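Below sits a lone chain in structure tokens, taken as the form predicted alone.
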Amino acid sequence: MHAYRLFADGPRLVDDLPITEPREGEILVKIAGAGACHSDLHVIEATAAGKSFFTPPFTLGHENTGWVEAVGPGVRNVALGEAVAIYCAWGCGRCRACLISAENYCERQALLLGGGLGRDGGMATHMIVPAARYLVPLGDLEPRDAAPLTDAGLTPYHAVKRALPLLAPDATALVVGIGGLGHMALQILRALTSARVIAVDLSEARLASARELGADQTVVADEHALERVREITHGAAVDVAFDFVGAQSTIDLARKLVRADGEMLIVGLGGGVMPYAQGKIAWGARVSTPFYGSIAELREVIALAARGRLHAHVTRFSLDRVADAYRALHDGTLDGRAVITPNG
């Protein structure tokens, strides 16, 4: 089969990878959609620099949906032909975190391992999933367009859920970065809360999209962003700040705006550093780094999408155009979320 694989000397398309028959407990999924994510770029760049998080070769693609094509011995309650979303954090299955479906925080994994992240992912015609618990039924959702829900939807959903106690009707939430994750976060905030939302981004086009998605106010991320947000809030700090970029400038903006006893959530992997010292953030404010989400939360994300409350703007690419998708993602020219469709 064709697959887009990461090797020690870089990624490339191969056409001679065998389709593996599922073994005990495994499921073979025919891939409908595989999302291209900024995390993939970090993995590719780290491998090129000889600092890989994972051991190549493996097939890229950790945002995956498809149809069940075959099941191995012992698999129960999985129907052939069923449309499914694939949860990509494959933990030990036995620790405290895994037993409550939070395999993203597996206590026995030094880092996230899963389909497209150290193990073969979905940028191929087919993919092996090691256990039925990693499959979430999609119902009537279009599988190709649903692929980003498995990360670009799940990751901000997990972050917003963590902050829900602070997102009362009179609260203000700051969302920095209205890209693949940020545009989903706005929809999730609108679906789960009635808090005021201020969106910040460099792009005027993304800010226009933010307003369409329900942001109450928008601010250009320039040298005046701090003052502009304070003008909107009449000098008050925000209750919760979500940073979906993680660059030094965005971390500094968010930490200066969060209120005492509020919360700042750093989700983006932009390489910034949170300074830790008295006076660097308001008294009592909490800083967290929420990561991915649980299997149970993925079911909730799928339910939100099924009810029309969450939608990813998708641009589809064929498998032979994966490099084009990553180039557009890197250059910031991508229209929406890139989804690779290996089977058309």
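From a predicted model like this one, the values you see are computed outputs, not experimental measurements. The first residue of the sequence shown is number 1, and the count goes up from there.
Beyond what is shown, the protein has a form predicted in complex with nicotinamide-adenine-dinucleotide (NAD); the following relates to that form.
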ask   = Quick one: which of 74-82, 247-255, 131-139, 227-235 gets within 4.5 Å of nicotinamide-adenine-dinucleotide (NAD) in the model of the complex, going by heavy atoms?
value = 247-255
query = Taking heavy atoms only, is Arg206 within 4.5 angstroms of nicotinamide-adenine-dinucleotide (NAD) in the model of the complex?
reply = yes
query = Is the gap between Ala195 and nicotinamide-adenine-dinucleotide (NAD) in the model of the complex 4.5 Å or less for some heavy atom pair?
reply = no
request  = Decide whether Ala221 counts as a contact residue for nicotinamide-adenine-dinucleotide (NAD) in the model of the complex under a heavy atom distance cut-off of 4.5 Å.
outcome  = yes
key: 4.5 angstroms heavy atom contact with nicotinamide-adenine-dinucleotide (NAD) in the model of the complex for Phe291   = yes
remark   = With the partner omitted here, the residue among Leu60, Val29, Val301, Cys37 that in the model of the complex has a heavy atom within 4.5 Å of nicotinamide-adenine-dinucleotide (NAD) is Cys37
key: Candidate from Val176, Ala210, Ala124, Val240 lying within 4.5 Å of nicotinamide-adenine-dinucleotide (NAD) in the model of the complex - any heavy atom   = Val176
task = Heavy atoms within 4.5 Å of nicotinamide-adenine-dinucleotide (NAD) in the model of the complex is the criterion; list the residues of 40-71 that meet it.
result = His42
